[in-house]
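This document starts with two versions of one protein chain, written out as structure tokens and named structure 1 and structure 2.
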Structure 1
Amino acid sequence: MNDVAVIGAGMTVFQRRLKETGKELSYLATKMALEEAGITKKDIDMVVMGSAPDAFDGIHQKGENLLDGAAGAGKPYVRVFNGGGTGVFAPIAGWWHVASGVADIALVVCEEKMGNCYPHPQTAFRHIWDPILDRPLAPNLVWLFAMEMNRYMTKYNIKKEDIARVAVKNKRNAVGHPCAQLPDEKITIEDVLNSEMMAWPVQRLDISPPSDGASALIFCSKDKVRQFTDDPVWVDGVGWNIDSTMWTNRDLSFPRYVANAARMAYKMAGIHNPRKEIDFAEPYDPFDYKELHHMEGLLLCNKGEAPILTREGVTERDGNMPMCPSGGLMGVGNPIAATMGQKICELYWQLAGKAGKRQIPTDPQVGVGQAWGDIMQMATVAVLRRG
């Protein structure tokens, strides 16, 4: 297997609805990544597109529609897709294009245009359920996560205010992010606890907003990387894992699929003690409780311990184990696949010292990013290292 480095990244602004089409968004993100890497379309050997359900953009087989904006026209090009897991799975696919030796330089573009889906992108989620067992009961996704949040709170005796802290931290972290949709310097725990009750225990400010946006990342083989940088950021390990759609048979208090994916990535990266060897993380945070759930799944603390560490300030940007220094999905926005921008591009920017106002002050060397998708099923994990 060849060593793989990151040499450039790009990300558009995230907003509820943008004027640009999906391919225009892809173009903007791709252009930024190419400029950061100092290369052009002709240097790209292969392209990977990550984009979640067709139903958001409202274009069946949208990968083909998007490709010309993603520098994919006339090139080996493939779309990968596993729901919310896509934001980290697409870079995993980009990594294996280079690790396998098939490509020297691979471009990964992630795009989502949820604003096309009318009146609300939640409508598209109504059709992800088992058609025989679940759909006749007309559940919706927020209700499902409300049950998972309840299960997590019940099992470990967690107070709602300790979950709300994550929303506050991430919306504040997002203040320095040029792409952020919902940064808020002044938000308080009370704001979250007083926001509209959607499906107990989930309130309006526990959820990340639907969004339009795109992000891009460029991978390079070890042989070529010295042409571009003397201080590369490496992909040290990747992992992915999925459980069946029979989610009702699972406990819900611990995401075992995340732990399985994390173990795979840590083994590849030679990490034996993730709590000591990993400096910061970007766990997937479409809901505030999910950051806690995923921090535990990533084996960065004991089960039920994440809310305590959050309360103690350990997960703040200047804490011992910063979580979501980008501002995460809660603060920057949630255009499903395009959250590669917070989960993997951010690792690169932090490790390369390019995170600007968001820069972790303690000179981090190793970071882990993670996404989750489908019905309590999919986990995708990548470990990046400096130098």
Structure 2
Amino acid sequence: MNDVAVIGAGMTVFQRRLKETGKELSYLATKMALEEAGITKKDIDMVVMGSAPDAFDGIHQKGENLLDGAAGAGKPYVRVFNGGGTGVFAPIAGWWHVASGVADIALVVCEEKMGNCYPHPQTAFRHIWDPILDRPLAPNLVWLFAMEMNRYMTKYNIKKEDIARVAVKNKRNAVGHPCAQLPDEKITIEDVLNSEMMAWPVQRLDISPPSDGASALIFCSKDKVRQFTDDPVWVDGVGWNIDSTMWTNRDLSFPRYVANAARMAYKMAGIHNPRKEIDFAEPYDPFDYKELHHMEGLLLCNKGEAPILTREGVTERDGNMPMCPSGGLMGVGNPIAATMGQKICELYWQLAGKAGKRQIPTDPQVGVGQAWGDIMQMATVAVLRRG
């Protein structure tokens, strides 16, 4: 298996973008990544497209539709998607094409045009439920996550203000991000606690904003990487795992599928004690409680301990283990698959020392990124290492 490095990344501004099509968003992110890597589309051997349900863009088979904007015309091209997990699974797919020797240089593009889904992107999920067991309940994702959040809080006696602290941290972290949709340096815990109730205990400011956007990554084989950089950022390990589709049958207080995916990635990376060997993380945070949930699933702390570490400042950008230094989904935005920009592009930018105002001050060497999708049961994990 070949060693694989990241040599370039790109990311559009995340916001409601009515003027650009999904193809144009893909083009913008791809152009940025190619320019950062110092290559052209002629140097790309193959392309992976990551994008969540077609219903978001309002175009059936949107993977094929997005091909032109993603520099995929005339090249081997594949689309992967597993809901929110796509933001890390698409780069995993790019990694395995290079690791296997199929390609020397692979481009991964992730796109989402949620603004095309009227009246709200939530309507795209009306038909993901079992027609006999689930659909008669008329479920939606917010109240489903509310049950999980409530179970997590109840089992570990977590206070709502400790969860709100994540929203505050991430929106403040996003202030230095040029692509951020909802940065807020003045937000307070009281603002979160006083925001509109959606489904107890989830309030409006507990939720990341839906968005439009795209991101891109370029992977390169060990044989060619020295042509582009003397200080590569390597993909050290990858993992993925999926639990039962029946959300009624899962332990809502702990994401064991994340732990399973993390163990797979850590084994590949040779990491035996993730708490000591990982310098920072980008856990998936579509809701503020999920950063805590996923921090525990990534085995970076004990069950129920993540809120305590957050309260103590350990997860701040200048803390001992920064979480979501990018601002995450809570601060930058949540165009489902395109969140690769916060989760894997950010790992690359931090490890390459290119994160600008977001740069972690402690010179990180190892980072882990994670995404979460399907109906709360899919986890994808990647470990990147500098040098």
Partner chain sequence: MTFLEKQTDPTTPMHWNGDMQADYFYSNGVAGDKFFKHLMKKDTFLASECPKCGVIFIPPRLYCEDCFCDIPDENWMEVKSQGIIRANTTAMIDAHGDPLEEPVIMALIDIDETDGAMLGRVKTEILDMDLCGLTVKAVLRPKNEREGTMKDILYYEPY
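The model shown is predicted, which means the values in this text are computed figures rather than measured ones. Quick note, the numbers are simply positions in structure 1, starting from 1. Heads up, when I say rigid core I mean the largest set of C-alphas that superpose within 1.5 Å between the two forms. Shifts are known only where both forms have a C-alpha.
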- Number of the structure representing the form predicted on its own: 2
- Message: If the two forms are fitted on the core, does residue 23 show a Cα displacement reaching 2 angstroms between structure 1 and structure 2?
- Response: no
- Query: Given a rigid core superposition, which stretches of at least 3 residues have all Cα atoms displaced by 2 Å or more between structure 1 and structure 2?
  - Reply: 16 to 18
